[in-house]
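Presented as structure tokens, the chain that follows is alone, the form predicted on its own.
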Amino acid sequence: MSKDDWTVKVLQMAHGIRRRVLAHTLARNGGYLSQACSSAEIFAALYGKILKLKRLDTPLPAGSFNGTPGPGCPASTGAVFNGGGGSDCDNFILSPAQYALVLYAALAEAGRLDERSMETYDIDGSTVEMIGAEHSPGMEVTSGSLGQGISQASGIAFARRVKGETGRVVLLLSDGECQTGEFWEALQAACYHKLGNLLVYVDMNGCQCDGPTSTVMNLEPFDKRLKSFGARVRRIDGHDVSALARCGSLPGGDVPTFIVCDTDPCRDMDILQGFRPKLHYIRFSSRKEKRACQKFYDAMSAARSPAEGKV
């Protein structure tokens, strides 16, 4: 596939991710829609170009919850949707579990999750949970309280290096969780232990539950702070799929690599501007709001992806 071909494919995936998440938001009168707007290209680039995963012959259905995975328990983790691993394959760790629906949409777009499983989202007994856990599609671990994903990813990266495996650990973070003390402690440890097999993408959409990230606890200059701990850092437009992929193919080094992705929580959905400043979880406060979003969804479904110049 030529560069232009994969770029078109990834942009189509990003369009599909936003459309799927908007559909669920409409069906349930609310949802984590701004996260889909800001991270769609990141997820699409990961599953369409960057991640080295085992191929699946057919999309997998999401099963029912049958217990927490562990010794003596037959329950499998969401890693099976990422191909089940291998010494030369990548792990994908999603730290902000409220992005779970965006991950499910990405898996469906990538042909890894049976799209009919999306219908069981947030239904009691389903593994397709609103806040993903280790049994949810694509979730390899439960990242617990916000900010724990980097600690888990670093531990896995350290173990993989000890075992001599060549696969990377690829982590997706949200900007708000990088305010926590655990994040900076884990960053320090990852740099100290020279975890060059750790690749981190950070969705810098500027929004969190309590308001704009800049007013809750400003992280800037975030890239310079990361560098001061010893990390290799690139800062890019998080909607530029070529830049996302280029950073994902950087040769391995002896320190973690952080890709700081500046993103827009209303990307390709200007209709969300009217919900500011409450963008963390979109709720419809009136029939008029919902009708407007339904009309937008209908137009979005009828249109082709931005890659084809029809949106």
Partner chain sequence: METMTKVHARHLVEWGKHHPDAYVLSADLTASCEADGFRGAYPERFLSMGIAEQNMLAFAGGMAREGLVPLVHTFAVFIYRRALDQVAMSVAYPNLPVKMFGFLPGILTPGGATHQAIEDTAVMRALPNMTVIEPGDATETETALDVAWETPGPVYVRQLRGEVPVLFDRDEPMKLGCPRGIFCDLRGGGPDFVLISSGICTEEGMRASAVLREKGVSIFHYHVSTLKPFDCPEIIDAIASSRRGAITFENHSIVGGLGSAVAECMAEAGLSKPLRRLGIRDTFMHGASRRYLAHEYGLDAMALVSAVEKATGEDFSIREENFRETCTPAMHSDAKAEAL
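Residue numbers count along the first chain shown, from 1. Keep in mind it's a predicted model, so treat the numbers as computed, not measured.
Another form exists, predicted in complex with the partner chain; not displayed. Remarks below refer to it.
The unique member of Arg112, Arg160, Arg235, Arg232 whose heavy atoms fall within 4.5 Å of the partner chain in the model of the complex: None of the others qualify; the residue that does is Arg160.
Using heavy atoms only and a 4.5 Å cut-off, determine which of Val141, Cys178, Val128, Leu103 is in contact with the partner chain in the model of the complex. It is Val141 that has a heavy atom within 4.5 Å of the partner.
Against the partner chain in the model of the complex, would Asp223 count as a contact residue? Criterion: heavy atoms within 4.5 Å. Contact check for Asp223: no, nothing within 4.5 Å of the partner chain in the model of the complex.
Please check if Ser151 has a heavy atom lying within 4.5 Å of any heavy atom of the partner chain in the model of the complex. The answer is yes: Ser151 has a heavy atom within 4.5 Å of the partner chain.
Quick one: does Leu199 come within 4.5 Å of the partner chain in the model of the complex, counting heavy atoms only? Heavy-atom contact with the partner chain at 4.5 Å: absent for Leu199.
Does the partner chain come within 4.5 Å of any heavy atom of Ile156 in the model of the complex? Although the partner chain is absent here, Ile156 would touch it in the model of the complex, with heavy atoms inside 4.5 Å.
Using a 4.5 Å heavy atom cut-off, which of 187-195, 104-112, 214-222, 170-178 contacts the partner chain in the model of the complex? That would be stretch 187-195.
Given a 4.5 Å distance limit between heavy atoms, list every residue of 99-138 close to the partner chain in the model of the complex, or none if there are none. Going through 99-138 in order - heavy atoms within 4.5 Å of the partner chain in the model of the complex - the hits are Ala133, Glu134, His135.
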